[in-house]
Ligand code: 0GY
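Single chain ahead, written as structure tokens, the form predicted alone.
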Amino acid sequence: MPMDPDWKVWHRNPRKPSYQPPEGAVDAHCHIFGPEEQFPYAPERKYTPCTGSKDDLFALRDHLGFSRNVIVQASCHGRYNEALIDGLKAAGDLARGIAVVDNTISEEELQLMHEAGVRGVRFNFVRRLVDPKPREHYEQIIEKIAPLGWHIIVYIEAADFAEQVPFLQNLPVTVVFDHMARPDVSKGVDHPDFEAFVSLMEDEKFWTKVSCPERLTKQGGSHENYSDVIPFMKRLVDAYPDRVLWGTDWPHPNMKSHVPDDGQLVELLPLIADTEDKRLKLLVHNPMKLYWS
């Protein structure tokens, strides 16, 4: 099946970033799409992307100067994790994964995923991408993954954040928020909505990815200017330097305004983390602790 007619294909020639990531740096949020003829997309998917293969991802990793990837199962593949597992096996120790599973998965299946490099599952609460599940569905998954030492990553938008906070606070595992829980940056970094997220992060169970300025910006379609998002990212790095992660989000699913240049995203890192110590934590120490220790 062809990709959606309005799909924006990832940047085919990203620039070599002027900022060189430290040795061992990890792109801690990226995806693999297909190839569909080998790894079909889920029948219940809400979008059909272009191919973004493991070879494309690993070539980008090397081009940008990174050493490792954390590959996150995307909603277009649903709970069919074959493309993810194939990528993890190809990368060996240079990648870890986040799967999508349902509450019927067996301990044997989870163990095989663990051996391949999976270290957590994704809970997606974004209604335009997935259909919502009852609370019991997520609780049953947590019971199965907790013995493996896995964590969850949560994809949620600001409008749904408050509703989910009590549930997330009661979970017995580490919780990682994708993209700072997608704040409305037009409200400003000091708005009570973002302050509520910053306050929640005081609980050491919570981590966040300071990522996706291209999704959050309100400044139009230019990939040269994400200045309205950088204060949000920097605020979290400054406040919680030991519990932040960063990733490209390649191949940038469902972008509507523009196709980001991944090299330019890397060049924002010194603005987000303004000392070498902060950058080492963000790009090396934190992801290694969470995914490789």
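Quick note: we count residues from 1 along the sequence shown, nothing fancier. Here the structure is a predicted model, which is why all the values come from computation and not from measurement.
We do not show the form predicted together with the named molecule, though everything after this point is about it.
The partner is absent here; in the predicted bound form, the one residue of T208, N81, S75, T217 having a heavy atom within 4.5 Å of the named molecule is S75. When the named molecule is considered in the predicted bound form, only one residue from G34, G247, P253, G263 comes within 4.5 Å through any heavy atom, namely P253. When contacts are judged by a 4.5 Å heavy atom cut-off, R119 does not count as touching the named molecule in the predicted bound form. Looking at R135, you'd find every heavy atom of it more than 4.5 angstroms from the named molecule in the predicted bound form. When contacts are judged by a 4.5 Å heavy atom cut-off, R127 does not count as touching the named molecule in the predicted bound form. In the predicted bound form, at least one heavy atom of Y155 sits within 4.5 Å of the named molecule. With respect to the named molecule in the predicted bound form, the three residues Y47, H179 and R182 uniformly fall within 4.5 angstroms at the level of their nearest heavy atom. Looking at 35-43, 58-66, 233-241, 253-261, the stretch with residues near the named molecule in the predicted bound form, meaning non-hydrogen atoms within 4.5 angstroms, turns out to be 253-261.
Interface residues of 5-30, taken as those with a heavy atom within 4.5 Å of the named molecule in the predicted bound form (partner not displayed), are limited to H29.
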